[in-house]
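In the block that follows, a single chain appears as structure tokens, in the form predicted alone.
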């Protein structure tokens, strides 16, 4: 299986860091910035997932269509 768990740990790490920053900003009364941090973290993770899904579809295409 060509996938390792690095991507899962990266996504989890981003989630933990974003959650910590969100909590700190919210406690400081900067809720608008906290929401922006959460949105930016979500977008970064979304791009990571899109790259992984694109790689998955390319692998499936190569397996079933016998293209390299």
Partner chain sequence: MEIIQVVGLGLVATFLILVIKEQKPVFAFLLATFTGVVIFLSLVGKIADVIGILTKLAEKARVNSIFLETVLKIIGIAYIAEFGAQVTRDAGQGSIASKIELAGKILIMVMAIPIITMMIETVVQILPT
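Positions refer to the first chain, counted from 1. Quick caveat, the model's predicted, so the values are computed rather than measured.
If you look for the form predicted in complex with its partner chain, you will not find it shown, but the lines that follow are about it.
Would you classify residue 36 as touching its partner chain in the predicted bound form, given a 4.5 Å non-hydrogen atom cut-off? It does not: once its partner chain is placed as it appears in the predicted bound form, residue 36 has no heavy atom within 4.5 Å of it.
Would residue 24 count as touching its partner chain in the predicted bound form under a 4.5 Å heavy atom rule? Although its partner chain is absent here, residue 24 would stay clear of it in the predicted bound form, with no heavy atoms inside 4.5 Å.
Residues within stretch 14 to 30 having a non-hydrogen atom within 4.5 Å of its partner chain in the predicted bound form: 14, 15, 16, 18, 19, 22, in sequence order.
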